[in-house]
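Presented as structure tokens, the chain that follows is alone, the form predicted on its own.
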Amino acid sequence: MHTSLSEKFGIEYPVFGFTPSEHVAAAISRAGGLGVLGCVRFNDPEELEAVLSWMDENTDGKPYGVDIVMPAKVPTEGTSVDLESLIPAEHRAFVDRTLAELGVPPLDSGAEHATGVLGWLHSVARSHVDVALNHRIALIANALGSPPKDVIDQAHEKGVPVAALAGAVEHARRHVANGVDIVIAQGYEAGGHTGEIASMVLVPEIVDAVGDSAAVLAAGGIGSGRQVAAALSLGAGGVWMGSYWLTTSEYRLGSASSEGPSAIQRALLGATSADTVRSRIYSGKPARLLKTKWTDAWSKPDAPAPLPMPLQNLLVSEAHQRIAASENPDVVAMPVGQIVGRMNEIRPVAEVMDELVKGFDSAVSRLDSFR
């Protein structure tokens, strides 16, 4: 399992692993892939600074990247009070009522909790870029398409390539025109923000559209070596995997605890590939989530329409914290792809990577037998 992207980044396998956990990201890099840390959970640049310093020290000198959430067009951002005033009272009432009906307790008043919309604001994402470029990152990926041109230039000045997700050919062409180096072709079945086209169709379309202008990573529905082989056979130079790392033993946000599976992991372990839903309730943009009592509530006739980004983020920010603190797998609010049906046990990252490589070799051997 070796491609030109493996050589470009100095990694053993062209497996790019997105995760909000620094422990998982570091483990992916140590196992021969490229761990990519999601930065959206960081409100405070100093906290990100500390986490990236930890990454520098815990990746055995191997490369890693960061993932930001930054729209190409700078939105109008007021103060948090200005944004709060734009949220309708009926939306707040619905969230409060739903949490009460689901038995989700309020946050511990004696503990410190995050406020605001975390890294969803453009200004916060820019601070993530500034912090990240002071570390030995090998990649900046943007979950919302092309970053602004000056951010791309800033990364290139530091010798850091830029990747951007694309759910359609026109997105990919726009990324290349903006100077993006790697297009992540993310299919409809992927977790988080997704488009309307499935990976089997999307990946070769984007490969053909960008030609030699940019490398392509395939994302969505990848959780085995066979699927990695399929992605490469479609013309991708590597794979972008996010959901599959959520049930690794290293997955603990801000902690390396080895205690039993979290509520999120218990919910994922029991899910099938049919147990996801694509909705705007998570961020204001279409995103695939695990289907739970929380997502069901938003699909009822009396539920309000989700607000645009970043207002929806602000609306549900505390709700998501309360849900996470409740440790109830029936109500978790978690982006995950349809590959969740294969996520049936808790395993170390190194074991997952080893299985991907062996599965890839087996798939390639099987294809060779057809010659």
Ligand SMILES: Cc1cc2nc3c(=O)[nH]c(=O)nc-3n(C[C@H](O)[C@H](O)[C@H](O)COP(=O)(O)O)c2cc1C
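All residue numbers refer to positions in the sequence shown, first residue = 1. Fair warning: this is a prediction, and the values are worked out from it, not measured in the lab.
In what follows, reference is made to the form predicted in complex with this ligand, a form of this protein that is not presented.
A residue is said to contact a partner when one of its heavy atoms sits within 4.5 Å of a partner heavy atom; residue 335 meets this definition for this ligand in the predicted complex. Contact check for residue 191: a non-hydrogen atom falls within 4.5 Å of this ligand in the predicted complex. In the predicted complex, none of the heavy atoms of residue 147 sits within 4.5 Å of a heavy atom of this ligand.
With a 4.5 Å cutoff on heavy atoms, residue 240 counts as touching this ligand in the predicted complex.
Figure note: of the listed segments 191-199, 154-162, 96-104, 208-216, the one touching this ligand in the predicted complex, with heavy atoms no more than 4.5 Å away, is 191-199. Taking a 4.5 Å heavy atom cutoff to this ligand in the predicted complex, the contact residue among 186, 283, 276, 248 is 186. Just one of 222, 236, 172, 140 comes within 4.5 Å of this ligand in the predicted complex, counting any heavy atom, and that one is 222. Contact annotation for 16-44: residues with any non-hydrogen atom within 4.5 angstroms of this ligand in the predicted complex are 18, 40, listed in sequence order.
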